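Have a look below at one chain only, the form predicted on its own, in structure tokens format.
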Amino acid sequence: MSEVHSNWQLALQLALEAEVIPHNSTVVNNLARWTISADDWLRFATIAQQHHLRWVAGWAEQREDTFVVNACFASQTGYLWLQTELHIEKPQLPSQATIYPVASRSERHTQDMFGIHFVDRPDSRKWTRHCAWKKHDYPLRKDFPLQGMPEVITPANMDYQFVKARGAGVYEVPVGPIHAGIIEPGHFRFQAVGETILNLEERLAYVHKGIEKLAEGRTPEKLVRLAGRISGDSTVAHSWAACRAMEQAAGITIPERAAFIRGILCERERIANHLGDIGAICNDVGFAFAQMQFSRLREQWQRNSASVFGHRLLMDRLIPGGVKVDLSVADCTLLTQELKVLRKELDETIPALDLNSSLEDRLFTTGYLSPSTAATYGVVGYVARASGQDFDVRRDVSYAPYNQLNIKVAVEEQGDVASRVWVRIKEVFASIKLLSQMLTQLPEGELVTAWQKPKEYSEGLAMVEGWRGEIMTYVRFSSDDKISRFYARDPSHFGFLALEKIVLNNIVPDFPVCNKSVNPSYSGNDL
């Protein structure tokens, strides 16, 4: 059975079981799309959950006198995109967070930004608004100016009601939002007894950058530059997802050579970040040798990226329709030799991790995330795969160039910090093999397909497997080839939720290594 037919059958089955009658429906490749009544919104989510579909993202958009609310679900082989319309006067919709807890923060963000009320939402607190707007100001509505209406001094946010824990010996540990290092702001509120963590609650969105509002009215080229700055360590993956969504909306196919170069860039980004994280996790438990060695390897890797591609982080290398960097024969030879050197270095360094009993004592069983909890909170990427969730967009919902490559996905079952380290290590080796394949198979041809203006109000929804996991991006064009709506969901949305569960019953001093083993991005989470 083809993927298209399989997704069509799945979507139809869900609709029939939920007694949902779609206003319209389409299926393109691995994406089924349904427009349904607001009355069917919760019913559809209930049936989707019973079929073990994963909740992927939720977002909204204002269109003249209506709001369009979207939700995306995933099976193992494709995606279901759900839409419904609400009148702009007193818009409300049943909360899918009653079925999918992972949807809660997304609904809170949508309510803060648009004023859409989600009925029976489990958590009614504001999420994105840190007293920066008045009570009935909604920044993503079309009548709200880009520059906002800031007061001279933003009032202090003193009234957020954190969850309380009471009992003999229970105490609270507030951490952040300003930290001692160079990381971005985020607040963590612990309740503990002795050294054992009873509860962790996060307060994020301190780095709200207005990405969604900034995107409005941008050209395709300028949107890609903006997407590449959502999270600096994922600049390739976010740029690629934005490009794929816009290319889908415009109905263009990029050259095969461009697709391969995008893949090479993305795998280089993956390796660089995994090398950095492996060392940092070891450093958090006092194994400085690994930190020094993996930092050295990452630095050499990024210097070669700068030499060949012109940027250490590979920023602004992608453009709509293709790429703006090419590889010469000499470049391919250099990169192939680099892979051999890295493989040799890793073969010599990794046994020092594997045979270190002190490191084992600190990482094994620490920060456990069960497979069932991982599934409930929809985690993706290495966090999911370390807890037995065998999904990778590159393999399961493949796209060029990965549909021409042999993809090996690393999966561990133990769900602890050690598993998240080993998944990273295995992913580095897998990426080395992918890079070798791409460099060997790199086709000749053009780098860019000429951009063509999308049809009026065209939409695109695309997924890319970034180094943290699945990135989802939505775009909608206005009538003049400008962006009307842009939304990007970073894997960190789920990473932060998982972190709250991972630290439970661990000791407070193990929070840093639990956190680093997930390493969610504040910037990626806080659009």
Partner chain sequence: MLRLFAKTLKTGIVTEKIKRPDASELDALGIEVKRQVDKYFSGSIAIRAVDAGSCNGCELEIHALNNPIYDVERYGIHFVASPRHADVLLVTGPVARHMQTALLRTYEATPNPKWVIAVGDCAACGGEFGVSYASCGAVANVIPVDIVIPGCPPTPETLVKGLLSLMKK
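Numbering follows the first chain given and starts at 1. Because the structure is a prediction, the values reported are computed rather than measured.
One more form of this protein should be noted, the form predicted in complex with its partner chain, which is absent from this view; the next part is about it.
J.: Mark residue 345 yes when one of its heavy atoms lies within 4.5 Å of a heavy atom of its partner chain in the model of the complex, and no otherwise.
T.: Residue-level check for residue 345: yes, a contact with its partner chain.
J.: Residue 233 near its partner chain in the model of the complex, any heavy atom under 4.5 Å?
T.: Looking in the model of the complex, residue contacts with its partner chain include residue 233, since a heavy atom lies within 4.5 Å.
J.: Is there a heavy atom of residue 133 no more than 4.5 Å from a heavy atom of its partner chain in the model of the complex?
T.: Yes, contact at 4.5 Å.
J.: Spell out, yes or no, whether the shortest heavy atom distance between residue 207 and its partner chain in the model of the complex is within 4.5 Å.
T.: Yes, residue 207 is a contact residue.
J.: Identify which of 302, 110, 75, 104 has a heavy atom within 4.5 Å of its partner chain in the model of the complex; exactly one of them does.
T.: Of 302, 110, 75, 104, the residue with a heavy atom within 4.5 Å of its partner chain in the model of the complex is 302.
J.: Can you work out which of 330, 355, 163, 173 has a heavy atom no more than 4.5 Å from its partner chain in the model of the complex?
T.: If I apply the 4.5 Å criterion carefully, the residue I get is 355.
J.: Decide if the three candidate residues 169, 362 and 388 all line its partner chain in the model of the complex, where lining means a heavy atom within 4.5 Å.
T.: No, the candidate spot makes no contact with its partner chain.
J.: With the partner removed from view, which of 257 to 265, 432 to 440, 346 to 354, 194 to 202 is the stretch that lies within 4.5 Å of its partner chain in the model of the complex, judged by heavy atom distances?
T.: After filtering at 4.5 Å, what remains is 346 to 354.
J.: Taking its partner chain in the model of the complex, which residues along 276 to 311 bring a heavy atom to within 4.5 Å of it?
T.: 287, 289, 292, 293, 295, 296, 298, 299, 302, 303, 311 sit within 4.5 Å of the partner.
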